[in-house]
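Just one chain follows, in the form predicted on its own, and it is written as structure tokens.
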Amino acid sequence: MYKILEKQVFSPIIKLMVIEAPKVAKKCQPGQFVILRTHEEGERIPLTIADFDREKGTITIVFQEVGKTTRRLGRLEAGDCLRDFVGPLGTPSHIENFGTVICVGGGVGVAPVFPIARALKEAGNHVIGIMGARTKELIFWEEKMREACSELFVTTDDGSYVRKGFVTDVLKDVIEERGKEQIALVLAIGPQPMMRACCNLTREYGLKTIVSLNSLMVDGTGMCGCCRVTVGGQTRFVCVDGPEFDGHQVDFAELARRNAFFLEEEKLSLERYQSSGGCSCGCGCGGGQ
């Protein structure tokens, strides 16, 4: 059992948890992820590692409540335990001194961007951070991102905080202002439409762009094939070959279709969970362990 040591509520749907997992913390690197289960019969869900503390033996996760499992996870409190917490999984981010790097985080994607931006800055890069959300209440970790980046730009879709617009608007302005020749790499993590839009933009400037994919996943070891994606015309598995890939090579249309396979089943599962009072067995027990 993996104990929840701390819980923070950033918004009604975005939450942070610090998990006691010393073996995972000992070996994890920026860009990697874990797969967890809340209880014995729970769904296995992948979450990118948002932060880690090797001395304390802890892993920080940030998630958005979307479906049944993330809703159930969000109901847990400090002192509760997770049934499984497997990791670190995936290939770590490639960190070296590239020069000037732009790190773009959209929505909850800010969480996985943070440790990568921090590592890139520690490696000597000039890190330009761009973070955005739909509205002000969904902005989190602004100060942590300022510390991890050399510069930081913040935007909201509705203009309720700082600047109105999408992260791609800021990205285009930064590229035009600094000059594409001065930028070595762009990293974009967030919702698939946002990552795809970033890649469409940077392709026009010939800027290498890395994205972290959030495909459907089951075992996290490459055996089930559930997380397969097409990259550069070839089949790759997000769990072992990724989660990071060259964004200009990713077939985002296929990825979107695959991720939509079980939307109806996911909707029905969430409706049953909510109608049962938040329990998995349907008895209305409230979803306790």
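Everything numeric in this text was worked out from a predicted model, so none of it was measured. In case it trips you up, residue 1 is the first one in the sequence shown, and so on.
One more form of this protein, predicted together with a small molecule, exists but is not displayed; see below.
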At the 4.5 Å heavy atom threshold, is A117 in contact with the small molecule in the predicted bound form?
no
Within 4.5 Å, heavy atoms only: does I102 come near the small molecule in the predicted bound form?
no
Report yes if any heavy atom of Q32 sits within 4.5 Å of a heavy atom of the small molecule in the predicted bound form; otherwise report no.
no
Does N125 reach the small molecule in the predicted bound form if we count a contact as any heavy atom within 4.5 Å?
no
Is it the case that S93, K121 and G242 all touch the small molecule in the predicted bound form, with a non-hydrogen atom of each within 4.5 angstroms?
no
Residues in which of 207-215, 176-184, 69-77, 94-102 have heavy atoms within 4.5 Å of the small molecule in the predicted bound form?
207-215
Proximity to the small molecule in the predicted bound form, single hit among A148, V108, C199, L171 (heavy atom within 4.5 Å):
V108
